[in-house]
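First comes one chain, alone, set out as structure tokens in the form predicted on its own.
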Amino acid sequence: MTPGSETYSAVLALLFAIAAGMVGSFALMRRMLLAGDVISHIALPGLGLAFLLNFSPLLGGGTALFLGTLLIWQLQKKTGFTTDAIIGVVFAASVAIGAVLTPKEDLVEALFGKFQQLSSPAFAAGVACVIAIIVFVLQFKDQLTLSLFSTELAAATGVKLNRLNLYFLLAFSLTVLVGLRFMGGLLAGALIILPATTGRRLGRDIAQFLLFSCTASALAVGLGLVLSNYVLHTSTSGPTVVIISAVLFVLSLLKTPK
């Protein structure tokens, strides 16, 4: 791995952490936090097909995530079921298909990711995705917040709830996609779940909530990469990052509630 490509990978991983912290915060408030873990599994059929046919895993995973997200949105509209119920249905099928398609020798990388070299175009594409996610959250922060308290009031003020739900699901899936390279299909959603719960424990308002979530996420990724690459000497950094995220949450429990 060249120094430049290693730096690209580390920078993109930290940017992913910030995006995951922001998206995870609103996912927690929308009571769909566990969907982060489930949506990441939707990428598994695409990853498996990519490994099987020897093309870019990110292209395969991204295509599966995009199609899965549209399917979830359409099924939610047609059935009236909650988002988490529909995600659960798609999740079950995705895991089964991914397990069948993924070659055994590539299964660990598909599930847990791999810290590997990153080309300049791939880095630029990843940064563009992260910027799009952050811009979406900042642009629609007020609408997302209003829809949390009253969907009727949000609709009355001109918020198009179906479209907002689609945008949020796409931002959610895009966040997972950026994290697939480092965290794999099994753990990419974990960095949406754990830092958000830590931020919720520490933040007194939405601004602090977002700040602490992003900080916890970036800290977990930074420490995880250092430990896995320079102490444990393993290219699979996802489990280390998740363990540190869990430790940060446990430490946040030490805060005395006011």
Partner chain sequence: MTPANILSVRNLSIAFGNRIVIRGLSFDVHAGDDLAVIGPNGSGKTVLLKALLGLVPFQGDIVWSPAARVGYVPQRVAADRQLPLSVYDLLAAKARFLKLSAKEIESVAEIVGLSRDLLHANVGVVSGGQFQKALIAFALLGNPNVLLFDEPTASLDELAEERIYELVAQLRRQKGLTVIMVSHDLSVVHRSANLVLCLCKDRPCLGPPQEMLTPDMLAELYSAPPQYYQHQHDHRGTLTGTGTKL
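The shown structure was predicted, so the numbers you read here are calculated from the model rather than taken from an experiment. Residue numbers count along the first chain shown, from 1.
Although it is not shown, the form predicted together with the partner chain is what the next lines describe.
Every member of the trio L153, V159 and I206 reaches the partner chain in the model of the complex with some non-hydrogen atom inside 4.5 Å. Of the candidate stretches 95-103, 134-142, 70-78, 166-174, only 134-142 has residues whose heavy atoms lie within 4.5 Å of the partner chain in the model of the complex. Contact check for H233: no non-hydrogen atom falls within 4.5 Å of the partner chain in the model of the complex.
At a distance threshold of 4.5 angstroms between non-hydrogen atoms, M29 is in contact with the partner chain in the model of the complex. Although the partner is absent from this view, R200 contacts the partner chain in the model of the complex, with a non-hydrogen atom inside 4.5 angstroms. Residue contact check for L146: one or more of its heavy atoms lie within 4.5 Å of the partner chain in the model of the complex.
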